[in-house]
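One chain is shown next in C-alpha coordinates, namely the form predicted alone.
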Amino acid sequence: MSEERRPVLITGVGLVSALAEGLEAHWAALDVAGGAAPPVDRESYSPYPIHPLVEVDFDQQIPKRGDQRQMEPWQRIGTYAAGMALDSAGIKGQTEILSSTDMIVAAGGGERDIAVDSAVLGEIVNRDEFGTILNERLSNDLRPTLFLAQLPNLLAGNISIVHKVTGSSRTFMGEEMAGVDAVRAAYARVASGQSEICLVGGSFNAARHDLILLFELGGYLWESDWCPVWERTDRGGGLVPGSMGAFLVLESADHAARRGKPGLARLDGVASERTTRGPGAAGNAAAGQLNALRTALTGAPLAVLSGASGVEPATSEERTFVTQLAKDHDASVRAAGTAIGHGFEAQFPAIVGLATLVASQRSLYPPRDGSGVELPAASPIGQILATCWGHWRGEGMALVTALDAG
(Lines give C-alpha, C1' and ligand atoms only; values in the text may rest on other atoms or scores of the structure.)
Protein backbone atom coordinates (compact mmCIF):
# COMPACT_ATOMS: atom_id res chain seq x y z
CA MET A 1 0.00 0.00 0.00
CA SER A 2 1.64 3.16 -1.23
CA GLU A 3 1.89 6.15 1.11
CA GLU A 4 0.88 8.34 -1.85
CA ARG A 5 -2.57 6.80 -2.05
CA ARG A 6 -5.43 9.23 -1.53
CA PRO A 7 -8.10 8.61 1.10
CA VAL A 8 -11.04 6.70 -0.41
CA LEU A 9 -14.52 7.19 1.05
CA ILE A 10 -17.54 4.97 0.68
CA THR A 11 -20.23 7.57 0.06
CA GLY A 12 -23.04 5.31 -1.06
CA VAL A 13 -24.24 1.73 -0.56
CA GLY A 14 -27.06 -0.09 -2.31
CA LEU A 15 -27.85 -3.46 -0.75
CA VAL A 16 -30.78 -5.80 -1.27
CA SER A 17 -30.80 -9.41 -0.10
CA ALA A 18 -33.04 -12.10 1.33
CA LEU A 19 -32.79 -10.34 4.67
CA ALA A 20 -33.83 -6.79 3.80
CA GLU A 21 -33.68 -3.87 1.39
CA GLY A 22 -31.41 -0.92 2.22
CA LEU A 23 -28.91 -0.34 5.01
CA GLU A 24 -31.40 0.78 7.67
CA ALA A 25 -33.59 -2.26 7.11
CA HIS A 26 -30.57 -4.57 7.20
CA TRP A 27 -29.48 -3.08 10.51
CA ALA A 28 -32.96 -3.46 11.97
CA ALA A 29 -32.96 -7.14 10.95
CA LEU A 30 -29.40 -7.78 12.17
CA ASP A 31 -29.38 -5.86 15.45
CA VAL A 32 -31.53 -8.38 17.30
CA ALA A 33 -30.08 -10.72 19.91
CA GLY A 34 -30.21 -14.29 18.59
CA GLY A 35 -31.57 -12.93 15.31
CA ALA A 36 -33.89 -15.19 13.36
CA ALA A 37 -32.75 -16.98 10.22
CA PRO A 38 -33.21 -15.12 6.95
CA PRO A 39 -36.08 -16.30 4.73
CA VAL A 40 -35.40 -19.79 3.39
CA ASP A 41 -37.06 -21.51 0.43
CA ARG A 42 -36.88 -25.27 1.13
CA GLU A 43 -39.38 -26.39 -1.51
CA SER A 44 -38.52 -24.94 -4.92
CA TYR A 45 -35.16 -26.69 -5.25
CA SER A 46 -35.57 -29.45 -2.67
CA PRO A 47 -33.47 -30.82 -1.03
CA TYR A 48 -31.35 -27.69 -1.46
CA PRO A 49 -32.40 -24.55 0.46
CA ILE A 50 -31.90 -21.08 -0.98
CA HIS A 51 -32.39 -17.57 0.37
CA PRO A 52 -34.83 -15.84 -2.03
CA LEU A 53 -34.75 -12.10 -2.59
CA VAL A 54 -36.90 -9.98 -0.31
CA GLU A 55 -40.01 -8.52 -1.97
CA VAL A 56 -38.82 -5.60 -4.14
CA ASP A 57 -40.72 -2.97 -6.09
CA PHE A 58 -38.40 -2.68 -9.07
CA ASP A 59 -40.37 0.32 -10.34
CA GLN A 60 -38.66 2.42 -7.67
CA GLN A 61 -35.28 2.21 -9.43
CA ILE A 62 -36.21 0.94 -12.92
CA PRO A 63 -39.28 3.04 -13.78
CA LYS A 64 -39.72 1.87 -17.38
CA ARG A 65 -41.45 -1.50 -17.59
CA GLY A 66 -39.90 -2.01 -21.02
CA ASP A 67 -36.45 -1.84 -19.44
CA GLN A 68 -37.48 -4.36 -16.81
CA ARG A 69 -38.94 -6.80 -19.33
CA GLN A 70 -35.74 -7.07 -21.34
CA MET A 71 -33.66 -7.81 -18.22
CA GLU A 72 -33.23 -11.21 -16.66
CA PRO A 73 -33.75 -11.33 -12.85
CA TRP A 74 -30.05 -10.99 -12.00
CA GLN A 75 -29.87 -7.86 -14.16
CA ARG A 76 -32.93 -6.32 -12.50
CA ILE A 77 -31.46 -7.06 -9.07
CA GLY A 78 -28.13 -5.44 -9.98
CA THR A 79 -29.64 -2.41 -11.70
CA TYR A 80 -31.92 -1.88 -8.71
CA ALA A 81 -29.05 -2.08 -6.20
CA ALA A 82 -26.95 0.29 -8.33
CA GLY A 83 -29.74 2.86 -8.25
CA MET A 84 -29.94 2.50 -4.48
CA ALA A 85 -26.20 3.18 -4.20
CA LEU A 86 -26.48 6.30 -6.37
CA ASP A 87 -29.38 7.51 -4.22
CA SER A 88 -27.35 6.84 -1.08
CA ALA A 89 -24.43 8.84 -2.48
CA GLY A 90 -26.70 11.72 -3.46
CA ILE A 91 -25.86 11.63 -7.18
CA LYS A 92 -28.95 9.98 -8.63
CA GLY A 93 -30.13 11.99 -11.63
CA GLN A 94 -27.19 14.40 -11.55
CA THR A 95 -26.13 14.17 -15.18
CA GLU A 96 -22.88 16.08 -14.87
CA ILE A 97 -21.38 13.95 -12.09
CA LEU A 98 -22.82 10.71 -13.52
CA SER A 99 -21.11 11.44 -16.84
CA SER A 100 -17.75 11.21 -15.07
CA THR A 101 -18.65 8.36 -12.72
CA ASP A 102 -16.72 5.23 -13.57
CA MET A 103 -18.35 1.82 -13.23
CA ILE A 104 -17.03 -1.67 -12.46
CA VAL A 105 -19.46 -4.59 -12.43
CA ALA A 106 -19.05 -8.20 -11.30
CA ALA A 107 -21.64 -10.80 -12.31
CA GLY A 108 -22.04 -14.25 -13.80
CA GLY A 109 -23.33 -15.30 -17.18
CA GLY A 110 -26.90 -15.18 -18.40
CA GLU A 111 -29.59 -17.58 -17.32
CA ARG A 112 -29.82 -20.75 -19.35
CA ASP A 113 -32.78 -22.14 -21.30
CA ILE A 114 -33.91 -24.82 -18.85
CA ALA A 115 -36.22 -26.50 -21.37
CA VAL A 116 -33.39 -26.98 -23.88
CA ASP A 117 -30.95 -28.15 -21.21
CA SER A 118 -33.48 -30.66 -19.89
CA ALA A 119 -34.14 -31.99 -23.36
CA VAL A 120 -30.42 -32.44 -24.04
CA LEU A 121 -29.81 -34.20 -20.72
CA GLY A 122 -32.82 -36.45 -21.28
CA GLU A 123 -31.60 -37.35 -24.75
CA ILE A 124 -28.02 -38.23 -23.82
CA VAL A 125 -28.60 -40.01 -20.51
CA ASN A 126 -29.09 -43.41 -22.17
CA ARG A 127 -26.98 -42.86 -25.29
CA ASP A 128 -23.37 -43.80 -25.90
CA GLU A 129 -22.71 -41.25 -28.65
CA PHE A 130 -23.50 -38.22 -26.52
CA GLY A 131 -20.69 -36.22 -28.10
CA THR A 132 -22.38 -36.38 -31.49
CA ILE A 133 -25.69 -35.32 -29.98
CA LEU A 134 -24.10 -32.38 -28.19
CA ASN A 135 -22.45 -31.20 -31.42
CA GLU A 136 -25.81 -31.34 -33.17
CA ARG A 137 -27.45 -29.38 -30.38
CA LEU A 138 -24.68 -26.78 -30.43
CA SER A 139 -25.44 -26.20 -34.10
CA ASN A 140 -29.17 -25.79 -33.55
CA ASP A 141 -30.26 -25.05 -29.97
CA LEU A 142 -27.26 -24.11 -27.84
CA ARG A 143 -25.72 -21.38 -29.94
CA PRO A 144 -22.64 -19.82 -28.30
CA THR A 145 -23.95 -16.35 -29.19
CA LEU A 146 -26.67 -16.81 -26.56
CA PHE A 147 -23.94 -16.95 -23.93
CA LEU A 148 -21.79 -14.18 -25.38
CA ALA A 149 -24.78 -11.85 -25.44
CA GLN A 150 -25.34 -12.31 -21.72
CA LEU A 151 -21.99 -11.50 -20.19
CA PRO A 152 -21.87 -9.01 -17.28
CA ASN A 153 -21.54 -6.30 -19.93
CA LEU A 154 -25.33 -6.45 -20.16
CA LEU A 155 -25.70 -5.50 -16.51
CA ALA A 156 -23.25 -2.62 -16.93
CA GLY A 157 -25.14 -1.54 -20.05
CA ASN A 158 -28.48 -1.59 -18.26
CA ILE A 159 -27.09 0.46 -15.37
CA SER A 160 -25.73 2.96 -17.87
CA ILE A 161 -29.04 3.19 -19.72
CA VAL A 162 -31.34 3.34 -16.70
CA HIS A 163 -29.19 5.46 -14.37
CA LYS A 164 -27.11 7.44 -16.93
CA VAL A 165 -23.74 6.35 -15.48
CA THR A 166 -21.56 7.10 -18.50
CA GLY A 167 -17.96 7.24 -17.32
CA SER A 168 -15.56 4.40 -18.10
CA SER A 169 -16.91 0.88 -17.69
CA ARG A 170 -15.37 -2.52 -17.09
CA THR A 171 -16.75 -5.88 -16.03
CA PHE A 172 -15.47 -8.91 -14.16
CA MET A 173 -16.75 -12.48 -14.39
CA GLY A 174 -15.58 -15.44 -12.32
CA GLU A 175 -17.48 -16.15 -9.10
CA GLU A 176 -16.25 -14.67 -5.79
CA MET A 177 -12.96 -13.36 -7.19
CA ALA A 178 -14.82 -11.26 -9.73
CA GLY A 179 -16.39 -9.32 -6.88
CA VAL A 180 -13.12 -9.05 -4.98
CA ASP A 181 -11.18 -7.76 -7.97
CA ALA A 182 -13.95 -5.37 -8.98
CA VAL A 183 -13.75 -3.67 -5.58
CA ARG A 184 -9.95 -3.86 -5.57
CA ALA A 185 -9.72 -2.22 -9.00
CA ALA A 186 -12.21 0.50 -8.07
CA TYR A 187 -10.34 1.26 -4.86
CA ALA A 188 -6.98 1.36 -6.67
CA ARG A 189 -8.27 3.70 -9.36
CA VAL A 190 -9.69 6.20 -6.87
CA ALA A 191 -6.73 5.94 -4.48
CA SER A 192 -4.22 6.50 -7.27
CA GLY A 193 -6.04 9.47 -8.80
CA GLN A 194 -7.14 7.66 -11.98
CA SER A 195 -10.76 8.11 -10.93
CA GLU A 196 -12.57 10.55 -8.68
CA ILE A 197 -15.77 8.56 -8.19
CA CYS A 198 -16.68 4.99 -9.07
CA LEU A 199 -19.76 2.78 -8.85
CA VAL A 200 -18.78 -0.82 -8.16
CA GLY A 201 -20.69 -3.97 -7.28
CA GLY A 202 -22.44 -7.09 -8.44
CA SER A 203 -25.60 -9.15 -8.36
CA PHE A 204 -26.69 -12.76 -8.06
CA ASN A 205 -29.99 -14.57 -8.50
CA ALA A 206 -30.11 -17.75 -6.43
CA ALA A 207 -33.47 -18.87 -7.82
CA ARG A 208 -32.05 -20.69 -10.85
CA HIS A 209 -32.35 -24.39 -11.61
CA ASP A 210 -29.28 -24.27 -13.86
CA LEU A 211 -27.03 -22.97 -11.06
CA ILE A 212 -28.46 -25.39 -8.50
CA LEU A 213 -27.53 -28.21 -10.89
CA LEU A 214 -24.06 -26.76 -11.49
CA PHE A 215 -23.22 -26.31 -7.82
CA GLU A 216 -24.63 -29.71 -6.86
CA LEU A 217 -22.50 -31.40 -9.52
CA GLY A 218 -19.52 -29.76 -7.83
CA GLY A 219 -20.63 -31.00 -4.42
CA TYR A 220 -20.95 -27.51 -2.96
CA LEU A 221 -24.56 -27.28 -1.76
CA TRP A 222 -25.99 -27.68 1.73
CA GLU A 223 -28.81 -30.25 1.70
CA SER A 224 -30.12 -30.24 5.27
CA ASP A 225 -32.35 -27.80 7.11
CA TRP A 226 -30.79 -24.35 7.26
CA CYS A 227 -28.25 -23.62 9.98
CA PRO A 228 -25.59 -20.89 10.49
CA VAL A 229 -22.40 -21.09 8.42
CA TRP A 230 -19.98 -22.01 11.22
CA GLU A 231 -22.26 -24.79 12.45
CA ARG A 232 -22.00 -26.59 9.10
CA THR A 233 -18.28 -27.34 9.41
CA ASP A 234 -18.80 -30.43 11.58
CA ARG A 235 -21.59 -31.76 9.35
CA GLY A 236 -19.82 -31.95 6.01
CA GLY A 237 -20.28 -28.33 5.02
CA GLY A 238 -22.13 -26.74 2.13
CA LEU A 239 -23.35 -23.36 0.91
CA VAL A 240 -26.84 -21.90 0.76
CA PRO A 241 -27.16 -19.60 -2.28
CA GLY A 242 -28.64 -16.20 -1.56
CA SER A 243 -30.07 -13.71 -4.03
CA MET A 244 -28.52 -10.28 -3.61
CA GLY A 245 -27.49 -7.06 -5.26
CA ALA A 246 -24.71 -4.95 -3.77
CA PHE A 247 -23.17 -1.73 -5.10
CA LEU A 248 -20.82 0.81 -3.54
CA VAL A 249 -19.93 4.36 -4.51
CA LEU A 250 -16.22 4.92 -3.87
CA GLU A 251 -15.03 8.50 -3.97
CA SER A 252 -11.91 10.45 -3.25
CA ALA A 253 -12.18 12.45 -0.04
CA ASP A 254 -11.45 15.71 -1.89
CA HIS A 255 -14.14 15.06 -4.48
CA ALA A 256 -16.70 14.24 -1.79
CA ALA A 257 -15.75 17.38 0.15
CA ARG A 258 -16.17 19.58 -2.93
CA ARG A 259 -19.77 18.47 -3.30
CA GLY A 260 -20.40 18.57 0.44
CA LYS A 261 -21.02 14.83 0.83
CA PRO A 262 -19.89 13.17 4.07
CA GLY A 263 -18.80 9.60 3.71
CA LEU A 264 -20.36 6.59 5.37
CA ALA A 265 -16.93 5.05 6.04
CA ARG A 266 -13.40 4.97 4.65
CA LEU A 267 -11.97 2.11 2.60
CA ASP A 268 -8.34 1.69 3.64
CA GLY A 269 -7.25 -1.12 1.36
CA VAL A 270 -8.27 -4.20 -0.63
CA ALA A 271 -6.15 -7.29 -1.23
CA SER A 272 -6.78 -10.33 -3.42
CA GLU A 273 -5.10 -13.67 -4.03
CA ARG A 274 -5.77 -16.97 -5.77
CA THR A 275 -4.18 -20.15 -4.46
CA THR A 276 -4.27 -23.80 -5.47
CA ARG A 277 -6.09 -24.51 -2.21
CA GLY A 278 -3.57 -27.06 -1.03
CA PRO A 279 -3.56 -27.59 2.73
CA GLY A 280 -2.86 -24.26 4.42
CA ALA A 281 -2.56 -22.30 1.16
CA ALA A 282 -5.66 -20.17 1.64
CA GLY A 283 -4.73 -19.40 5.24
CA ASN A 284 -1.23 -18.34 4.18
CA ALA A 285 -2.73 -16.10 1.48
CA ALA A 286 -5.08 -14.50 4.01
CA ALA A 287 -2.18 -13.94 6.41
CA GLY A 288 -0.31 -12.16 3.62
CA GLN A 289 -3.32 -9.97 2.92
CA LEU A 290 -3.60 -9.08 6.58
CA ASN A 291 0.06 -8.11 6.64
CA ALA A 292 -0.47 -5.91 3.59
CA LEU A 293 -3.29 -4.09 5.39
CA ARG A 294 -1.64 -4.03 8.81
CA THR A 295 -0.16 -0.54 8.47
CA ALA A 296 -3.69 0.84 8.16
CA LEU A 297 -4.87 -0.74 11.41
CA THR A 298 -5.41 2.05 13.93
CA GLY A 299 -5.72 -0.02 17.10
CA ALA A 300 -9.42 0.84 17.38
CA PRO A 301 -11.75 -2.05 18.32
CA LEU A 302 -11.80 -4.45 15.38
CA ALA A 303 -14.53 -6.65 13.90
CA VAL A 304 -14.23 -9.34 11.22
CA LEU A 305 -17.04 -9.86 8.74
CA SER A 306 -16.37 -13.16 7.01
CA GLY A 307 -17.80 -14.13 3.66
CA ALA A 308 -17.25 -17.83 4.41
CA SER A 309 -19.38 -19.96 2.11
CA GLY A 310 -19.85 -23.01 4.32
CA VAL A 311 -18.10 -25.29 1.82
CA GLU A 312 -15.47 -27.65 3.20
CA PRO A 313 -12.56 -27.77 3.72
CA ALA A 314 -12.22 -24.03 3.02
CA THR A 315 -14.66 -22.94 5.73
CA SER A 316 -12.90 -24.92 8.46
CA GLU A 317 -9.60 -23.37 7.42
CA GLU A 318 -11.13 -19.89 7.37
CA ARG A 319 -12.72 -20.55 10.74
CA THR A 320 -9.28 -21.34 12.15
CA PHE A 321 -7.81 -18.20 10.57
CA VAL A 322 -10.48 -15.77 11.79
CA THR A 323 -10.57 -17.35 15.26
CA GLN A 324 -6.83 -16.79 15.64
CA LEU A 325 -7.13 -13.30 14.18
CA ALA A 326 -9.83 -12.54 16.75
CA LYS A 327 -7.58 -13.70 19.59
CA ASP A 328 -4.59 -11.73 18.32
CA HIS A 329 -6.53 -8.49 17.85
CA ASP A 330 -9.25 -8.86 20.48
CA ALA A 331 -11.74 -8.81 17.62
CA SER A 332 -15.23 -10.18 17.17
CA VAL A 333 -16.21 -12.35 14.19
CA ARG A 334 -19.44 -12.68 12.23
CA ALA A 335 -20.18 -14.91 9.21
CA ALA A 336 -22.22 -12.63 6.97
CA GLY A 337 -23.47 -15.60 4.95
CA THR A 338 -25.49 -16.71 7.94
CA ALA A 339 -27.63 -13.60 7.48
CA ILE A 340 -27.71 -13.17 3.70
CA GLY A 341 -26.57 -16.47 2.17
CA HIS A 342 -23.84 -16.83 -0.43
CA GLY A 343 -23.93 -14.58 -3.49
CA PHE A 344 -20.77 -15.53 -5.44
CA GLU A 345 -19.86 -12.48 -7.58
CA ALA A 346 -21.93 -10.21 -5.34
CA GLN A 347 -20.63 -11.69 -2.08
CA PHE A 348 -17.61 -9.42 -1.52
CA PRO A 349 -19.36 -6.15 -2.44
CA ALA A 350 -22.16 -7.19 -0.06
CA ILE A 351 -19.69 -7.93 2.75
CA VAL A 352 -18.01 -4.53 2.24
CA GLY A 353 -21.48 -2.94 2.23
CA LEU A 354 -22.30 -4.61 5.55
CA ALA A 355 -18.89 -3.54 6.91
CA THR A 356 -19.78 0.02 5.94
CA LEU A 357 -23.03 -0.36 7.86
CA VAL A 358 -21.17 -1.59 10.96
CA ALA A 359 -18.67 1.30 10.65
CA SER A 360 -21.44 3.88 10.37
CA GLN A 361 -23.21 2.39 13.40
CA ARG A 362 -19.92 2.01 15.31
CA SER A 363 -21.38 -1.25 16.57
CA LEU A 364 -21.41 -4.92 15.59
CA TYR A 365 -24.67 -6.81 15.52
CA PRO A 366 -25.17 -9.70 17.99
CA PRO A 367 -23.90 -13.25 17.32
CA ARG A 368 -26.14 -15.34 15.10
CA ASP A 369 -24.91 -18.89 15.75
CA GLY A 370 -24.02 -21.26 18.54
CA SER A 371 -20.63 -22.48 17.37
CA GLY A 372 -18.63 -20.37 19.81
CA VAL A 373 -16.86 -18.52 16.99
CA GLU A 374 -19.14 -15.50 17.27
CA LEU A 375 -18.90 -13.66 20.59
CA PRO A 376 -20.30 -10.33 21.83
CA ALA A 377 -18.34 -7.37 20.50
CA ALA A 378 -16.56 -4.48 22.17
CA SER A 379 -17.94 -1.04 21.45
CA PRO A 380 -17.52 1.26 19.67
CA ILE A 381 -16.23 -0.68 16.66
CA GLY A 382 -13.63 1.35 14.78
CA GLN A 383 -12.49 -0.91 11.95
CA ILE A 384 -13.83 -3.94 10.10
CA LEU A 385 -11.92 -6.55 8.14
CA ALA A 386 -14.14 -7.90 5.38
CA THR A 387 -12.97 -11.31 4.17
CA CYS A 388 -14.15 -13.50 1.32
CA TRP A 389 -12.80 -16.97 0.54
CA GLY A 390 -14.24 -18.42 -2.63
CA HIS A 391 -16.08 -21.73 -2.45
CA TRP A 392 -13.46 -23.18 -4.82
CA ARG A 393 -10.67 -20.64 -5.34
CA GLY A 394 -9.78 -17.08 -4.49
CA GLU A 395 -9.27 -15.12 -1.30
CA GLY A 396 -9.97 -11.43 -0.68
CA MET A 397 -9.84 -8.95 2.17
CA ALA A 398 -10.73 -5.29 2.68
CA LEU A 399 -10.33 -2.89 5.58
CA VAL A 400 -13.19 -0.50 6.32
CA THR A 401 -12.71 2.26 8.90
CA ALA A 402 -15.26 4.38 10.75
CA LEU A 403 -14.74 8.05 9.88
CA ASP A 404 -14.17 9.12 13.47
CA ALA A 405 -11.89 6.20 14.34
CA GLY A 406 -8.64 7.70 13.07
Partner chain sequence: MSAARNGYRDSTNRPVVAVTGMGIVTSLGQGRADNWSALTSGRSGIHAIERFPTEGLRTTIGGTVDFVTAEPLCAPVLSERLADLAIGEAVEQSQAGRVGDFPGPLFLAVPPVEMEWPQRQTLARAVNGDGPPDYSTLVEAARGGGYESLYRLFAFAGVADILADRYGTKGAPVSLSTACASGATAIQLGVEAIRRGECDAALCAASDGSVHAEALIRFSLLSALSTRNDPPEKAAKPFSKDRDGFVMAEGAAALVLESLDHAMARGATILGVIEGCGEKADSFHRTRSSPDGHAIYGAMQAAIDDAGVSADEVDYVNAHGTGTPENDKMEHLGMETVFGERHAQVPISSNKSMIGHTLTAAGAIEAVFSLMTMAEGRLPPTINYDTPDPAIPLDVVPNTARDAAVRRTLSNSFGFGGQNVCLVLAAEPA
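Positions refer to the first chain, counted from 1. Definition used throughout: the rigid core is the maximal C-alpha set that superposes within 1.5 Å between two forms. Just so we're clear, the structure is a prediction, and the values are computed from it rather than from any experiment.
Heads up, the form predicted together with its partner chain isn't pictured, but that's what we're talking about next.
Query raised in the report: With the partner left out of view, is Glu216 within 4.5 angstroms of its partner chain in the predicted complex by any non-hydrogen atom?
Result: Yes.
Query raised in the report: Is the gap between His329 and its partner chain in the predicted complex 4.5 Å or less for some heavy atom pair?
Result: Taking the distances in the predicted complex, the answer for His329 is no, it never comes within 4.5 Å of its partner chain.
Query - 4.5 Å heavy atom contact, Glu196 and its partner chain in the predicted complex - result: Judged by the heavy-atom cut-off of 4.5 Å, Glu196 is well away from its partner chain in the predicted complex.
Query raised in the report: With the cut-off set at 4.5 Å between non-hydrogen atoms, does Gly310 touch its partner chain in the predicted complex?
Result: Residue-level check for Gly310: no, no contact with its partner chain.
Query raised in the report: Using a 4.5 Å heavy atom cut-off, which stretch among 329-337, 296-304, 247-255, 218-226 contacts its partner chain in the predicted complex?
Result: Heavy-atom contact with the partner occurs in 218-226.
**Report entry** Residue (of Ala281, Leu325, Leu290, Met71) lying close to its partner chain in the predicted complex, criterion heavy atoms within 4.5 Å
**Finding:** Result of the distance check: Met71.
Requested in this report: Would you mind picking the one in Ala156, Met84, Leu264, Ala286 that has a heavy atom within 4.5 Å of its partner chain in the predicted complex?
Outcome: By the 4.5 Å criterion, the partner-contacting residue is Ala156.
Report task. Heavy atoms within 4.5 Å of its partner chain in the predicted complex is the criterion; list the residues of 239-277 that meet it. Result -> The stretch 239-277, when checked against its partner chain in the predicted complex, contributes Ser272, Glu273, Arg274, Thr276 at the 4.5 Å heavy-atom cut-off.
Query - Rigid core superposed: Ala281 CA moves 2 Å or more between the shown form and the other one - result: No, shifts by less than 2 Å.
Query - Residue shift check between the shown form and the other one, rigid core fit, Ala207 Cα at least 2 Å - result: For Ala207, whose C-alpha is compared between the shown form and the other one after core superposition, the shift is less than 2 Å.
Query raised in the report: After fitting the rigid core, is the C-alpha of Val120 off by 2 Å or more between the shown form and the other one?
Result: Yes, shifts by 2 Å or more.
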